[in-house]
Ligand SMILES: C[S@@+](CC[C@H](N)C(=O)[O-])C[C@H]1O[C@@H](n2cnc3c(N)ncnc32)[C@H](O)[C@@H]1O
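One chain is shown next in structure tokens, namely the form predicted on its own.
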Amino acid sequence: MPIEKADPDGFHVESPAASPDEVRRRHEANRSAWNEGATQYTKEIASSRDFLLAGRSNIHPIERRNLARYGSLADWCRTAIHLQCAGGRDTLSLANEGAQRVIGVDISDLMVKNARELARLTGIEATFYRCDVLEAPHELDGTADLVYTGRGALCWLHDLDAWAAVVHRLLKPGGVLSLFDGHPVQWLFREDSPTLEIADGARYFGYAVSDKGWCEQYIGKIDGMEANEESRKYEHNWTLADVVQAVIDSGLVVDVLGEHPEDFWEAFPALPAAERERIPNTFSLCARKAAAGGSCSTG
């Protein structure tokens, strides 16, 4: 997510979280912020219901293309677990794509409430857990043919090695991680500039920030709240190497790594498409857990 110019009352550059207690504190702060931001998702439940009931899917074409290398989702994905599932639209889209059982995990109470309501309205069978993804229930260990995540997810986490370890324990032998997210290079540029202008103070490595409020092209102003009343939220810009190494160190085998000019939201609303496509806006990764006997075949 691109970073705005520092505001002494809102935007702060932070040191990376240095202890499990600090990781937990930042995640709980993000829980409060997302409970506020999730009100926008509540407004979209009816449109998401109609979208899903029409048999449509919010899975990005890049994700679909990556997953197709393993065959039809209906043939091999008995259980899909969506980490940081937000309001459930993408989770339930996995069911429309062919996953036989879908499960969502999210830290926000209101996001999970929205997801459960969306599942009820669509009649799509799904289970949602309200917890920090780093504390995903152990009853799910070894149950996932697919762990799915991305699109603005990883920046909210403050211990990527712990996240990758959770992915590994959730996957069945031979199971697949599918990740599609914003490219970390986006964080270097001002979001409000018509050119690729480096943001003041931005850096690629070891960059953590906090702020209040939400950009207009995403959630915008929270109804009934002043900007200074909103909860402070914490993000970390993980480099591409950070992500890939965490996945490798967890014991997964990387099959796919892609960098893409396509975006999944309007990260740079003032930037012409020709300029935006000069940089990678997203990346994708698929990795597998070794199957029994040490191979990585899926199915």
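Remember, it's a predicted structure, so these values are computed and weren't measured experimentally. Position 1 is the first residue in the sequence shown; the rest follow in order.
Note that the form predicted together with the named molecule isn't included here; everything after this is about it.
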Revision key, fill the gap. Of 251 to 259, 237 to 245, 65 to 73, 34 to 42, the segment with heavy atoms within 4.5 Å of the named molecule in the model of the complex is residues 34 to 42
Exercise for review: Report yes if all three of 27, 90 and 133 come within 4.5 Å of the named molecule in the model of the complex by some heavy atom, otherwise no.
Suggested key: yes
Check your understanding: Of 151, 190, 116, 101, which one comes within 4.5 Å of the named molecule in the model of the complex, counting heavy atoms only?
Key -> 151
Revision key, fill the gap. The named molecule in the model of the complex has a heavy atom of only one listed residue within 4.5 Å, and of 166, 107, 77, 177 that residue is 107
Exercise for review: Although the named molecule is absent from this view, report whether residue 170 comes within 4.5 Å of it in the model of the complex, heavy atoms only.
Suggested key: no
Practice item. Answer with yes or no whether residue 207 is in contact with the named molecule in the model of the complex, where contact means some heavy atom within 4.5 Å. Key: no
**Study point:** 4.5 angstroms heavy atom contact with the named molecule in the model of the complex for residue 146
**Key:** no
Check your understanding: Can residue 126 be called a contact residue for the named molecule in the model of the complex at 4.5 Å between heavy atoms?
Key -> no
Review point. Can you name the residues of 154 to 171 that have a non-hydrogen atom within 4.5 angstroms of the named molecule in the model of the complex?
Key: 156, 157
